[in-house]
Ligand SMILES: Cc1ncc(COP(=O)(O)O)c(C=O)c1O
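Taking the form predicted alone, here's one chain by itself in structure tokens.
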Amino acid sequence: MEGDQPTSRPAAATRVVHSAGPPDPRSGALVPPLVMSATFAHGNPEGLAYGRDRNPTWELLEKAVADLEGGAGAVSFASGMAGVAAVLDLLPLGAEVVVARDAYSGTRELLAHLEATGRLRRRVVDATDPRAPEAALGAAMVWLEALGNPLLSVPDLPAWKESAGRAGALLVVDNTLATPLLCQPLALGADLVVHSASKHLGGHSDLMLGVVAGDDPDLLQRLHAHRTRQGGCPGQLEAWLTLRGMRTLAVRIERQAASAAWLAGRLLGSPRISAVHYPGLMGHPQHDRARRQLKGGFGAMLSIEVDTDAAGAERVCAATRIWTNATSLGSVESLLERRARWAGEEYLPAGLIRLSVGIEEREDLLRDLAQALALVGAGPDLG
């Protein structure tokens, strides 16, 4: 009725379209300005002074990510790994970090380096084991992923939070694969949420940027101070591009997740594909948990185990015409890669191929996989 005011907050899919804020009050511009200045005149209304400390474009992005994650604030960094390093630097010398075996390889590599130099101690666990949360006792931080990379595991976040809370440990969740539209780790007990915005948030393989969101003002202030001191600041253009990419995040992740689910079902049981890892499949070991912790889809990533050796899996990856054989994930184009080619991923089956599903027509993606898989006799029945 005329004069009625909205009584409920708009959905995340609506808010993300308007994540850059309202039109500029002076010009009416729908797109926020890109503020490239490295320094600011004293006495300005925003209290800005020097570009290593604050930038209006960064702050628009941080506000948008904090809103989607349901947090009090966020801090942006030059890359996802810069954000990871800043979070780990919150810990005192010699502190123990429990990290999921299925965490991003770059995170595990950094933790291994910090242990080797005596900065921290680490304990790698299967975060999906029901007894694993006990590992939080004695730790200062627990590092999980909402969706594991590359096995698409799903840890029990509330159980981990209960154990981390009893231990006085910080619970950090990398939400890069799930995105804030599918999972809300802060609502499930996380203290901090980490994103490589180079992936789904940006969505176009054209930027590097990281964001850490949280509820605790003290933790956020310490992360901000770390960025200012250490200089791990994002580029202004990269922050602006991330804001632009986020405006289409909802439609991208909806299409990508739907295609990933369809591909997982079609590939399941195909000749010489011994396993399909996707939390949306009924046979996934954490499927029921994924239904509880993920809302609106099961993500745009899946992994397949091709019944071949490393060379055979590499031939599959090299033979696709639409899928690009490249690392990274979360962009509009579909990517695939044999993960055990990387140091630190040797625990994976030699024939495991990670698939990052883009926005192409899913039938084209399946046909392209089929012709590549046929090289090792593993092509799916297209029906």
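These numbers come from a predicted model, not from an experiment. The numbering used is simple: start at 1 and walk along the sequence shown.
Note that the form predicted together with the ligand isn't included here; everything after this is about it.
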Next on the checklist: So if I measure heavy atom distances to the ligand in the predicted complex, which of the stretches 168 to 176, 116 to 124, 262 to 270, 222 to 230 falls within 4.5 Å?
Outcome noted: 168 to 176
Next on the checklist: Given that the ligand is not shown alongside this chain, does residue 335 nevertheless sit within 4.5 Å of it in the predicted complex, heavy atom to heavy atom?
Outcome noted: no
Item to check | Contact label in the predicted complex: residue 192 to the ligand, heavy atom within 4.5 Å | outcome: no
Next on the checklist: Taking the ligand as it sits in the predicted complex, is residue 203 near enough to touch it, meaning that at least one heavy atom pair lies within 4.5 angstroms?
Outcome noted: no
Checklist entry - Heavy atoms within 4.5 Å of the ligand in the predicted complex: does residue 199 have any? => result yes
Item to check | Answer option from 88, 281, 208, 110, heavy atom within 4.5 Å of the ligand in the predicted complex | outcome: 208
Checklist outcome for this item: Assert contact residue (the ligand, in the predicted complex, non-hydrogen atom within 4.5 Å, options 163, 79, 128, 236) equals 79
Item to check | Non-hydrogen atom within 4.5 Å of the ligand in the predicted complex for each of 104, 145 and 329 | outcome: yes
